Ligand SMILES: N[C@@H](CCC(=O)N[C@@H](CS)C(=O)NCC(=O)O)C(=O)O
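First, one chain by itself in structure tokens, the form predicted alone.
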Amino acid sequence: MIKLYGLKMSNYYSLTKALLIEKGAEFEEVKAPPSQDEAYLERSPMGKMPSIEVDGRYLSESFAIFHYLENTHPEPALLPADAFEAAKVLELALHMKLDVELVARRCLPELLFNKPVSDETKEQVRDDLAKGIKAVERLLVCDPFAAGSEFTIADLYVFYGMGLGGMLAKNVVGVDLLADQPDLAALLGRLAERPSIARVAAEQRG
């Protein structure tokens, strides 16, 4: 039985939970807020969430967890069999994570903790988000899924990256990441109805 550590409020926790559901893996959730306590750092070296425990061993970072699950639970596959196409899926997921979600996350202190972000930082975030969303747009297929005809790990990163990233962008720096992005908006709507994602959302509300 896999143990999933973290809090439901985390988009990466939600992503990993949806991933576990997609893979049909048995898991239990363990409430564990971020911490710098030594016991927590044994599970997650930066004290972040989520992390998982498998037979007394720990693994952090959603990409590493995905790699583990893709190998231990190969069906359903969340990467194409073709090596180049698989790399393209990961390319899209990483651009969403690094160039959109993590850029917008620079504004998290203002939204969650009422700690104002400087005007200089906000301007840089606006500039970087404009480039990041364009990069993602170049890679998106949306026919009907993020990277093509099959649901992949890229869909989870797009959905959960845009969830937090889009909220931060709009509420803190006044940027609508879905402006002029009808295909992306439609994709997010379809993904919200995906059983794994819908279950995560329902249990988060409950």
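Keep in mind that this is a model prediction, so the values were computed, not measured. Start at 1 with the first residue shown and count on from there.
Just so you know, the form predicted together with the named molecule exists too; it's not on screen, but the next bit is about it.
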| property | result |
| --- | --- |
| Partner-proximal stretch of 54-62, 172-180, 143-151, 23-31 relative to the named molecule in the model of the complex, 4.5 angstroms, heavy atom | 54-62 |
| In the model of the complex, Arg105 touching the named molecule (heavy atom, 4.5 Å) | yes |
| Touches the named molecule in the model of the complex: Leu139 (any heavy atom, 4.5 Å) | no |
| 4.5 angstroms heavy atom contact with the named molecule in the model of the complex for Ser196 | no |
| Heavy atom of Leu69 within 4.5 Å of the named molecule in the model of the complex | no |
| Partner contacts for 38-62, taking the named molecule in the model of the complex and a 4.5 Å heavy atom cut-off | Gly47, Lys48, Met49, Pro50, Glu61, Ser62 |
